[in-house]
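Take a look at this single chain in structure tokens; it is the form predicted on its own.
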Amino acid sequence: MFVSRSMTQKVISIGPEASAIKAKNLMSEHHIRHIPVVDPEKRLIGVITDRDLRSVFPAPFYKGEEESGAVDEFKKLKIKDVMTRDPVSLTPYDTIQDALLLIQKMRVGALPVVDKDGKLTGIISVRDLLRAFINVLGIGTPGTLLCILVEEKVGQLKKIVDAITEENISFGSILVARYWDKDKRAVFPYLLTQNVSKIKKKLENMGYTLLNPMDWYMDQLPKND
């Protein structure tokens, strides 16, 4: 899935000469934390965030508890004085996997999206990515998540899928993840039913180990695999 299908296209942007107070008010009005900064041709030149503003405004002022005289002083502060210049960005043709990995690497809450000419076309946030993956994984529909421990060899996934479909159970999605034991994988089928006792027993009779998905966590993954 491409970023263009998941990004927010109607983006609030701001110019570098605008007041930092304007950015603060826009964030409050639109309930956002990131505003791309663009030049007159809409080319991306920076980003200003809620964190940037909190670093330059005293806490009482940021909360709206302005002191007399303080407003005039902070009106002099411009976006270009606070923004992050030349920010990392994505293109509409990057994937949501690219976006997720880059957001995690950069430790940011959102990234601007630009076209081949560097013009702003959208912004993709952690919230946008969550919505996209909910759709991809089919977990918006009521169902049950299983966790099946399998040997890492060809044909295991097909056996599991065949066993489940033979019971006329539909899939919301199915994921395969690394497991903390060598030569093992954890398979996570999301089944569109809550009546799973029969299929769980069937899988166990086939020799598979079923785990509680709530007990599986990434911290147990091998560090050097």
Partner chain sequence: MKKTGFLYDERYLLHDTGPYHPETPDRLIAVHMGLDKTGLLSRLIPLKAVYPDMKWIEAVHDTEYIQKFETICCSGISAFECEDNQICCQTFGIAKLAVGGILDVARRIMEGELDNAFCAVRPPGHHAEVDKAMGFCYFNNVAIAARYLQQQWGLKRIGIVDFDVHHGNGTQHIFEQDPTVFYYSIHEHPSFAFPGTGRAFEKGAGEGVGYTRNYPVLPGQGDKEYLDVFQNDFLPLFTEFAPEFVIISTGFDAHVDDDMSDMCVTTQGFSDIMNIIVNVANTHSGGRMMSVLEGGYSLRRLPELVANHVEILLNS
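Everything numeric in this text was worked out from a predicted model, so none of it was measured. Residue numbers count along the first chain shown, from 1.
Here the subject shifts to the form predicted together with the partner chain, a form of this protein not shown in this document.
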query	finding
Contact residue in the model of the complex, from Ile139, Leu101, Val88, Val126 (heavy atom within 4.5 Å of the partner chain)	Ile139
Contact assignment for the partner chain in the model of the complex, among Leu157, Val56, Leu192, Leu175, heavy atom within 4.5 Å	Leu192
Which of 196-204, 41-49, 158-166, 26-34 lines the interface with the partner chain in the model of the complex (heavy atom within 4.5 Å)	196-204
Distance check, Thr121 to the partner chain in the model of the complex, heavy atom within 4.5 Å	no
Non-hydrogen atom contact Gly143 with the partner chain in the model of the complex at 4.5 angstroms	yes
4.5 Å heavy atom contact, Gly15 and the partner chain in the model of the complex	no
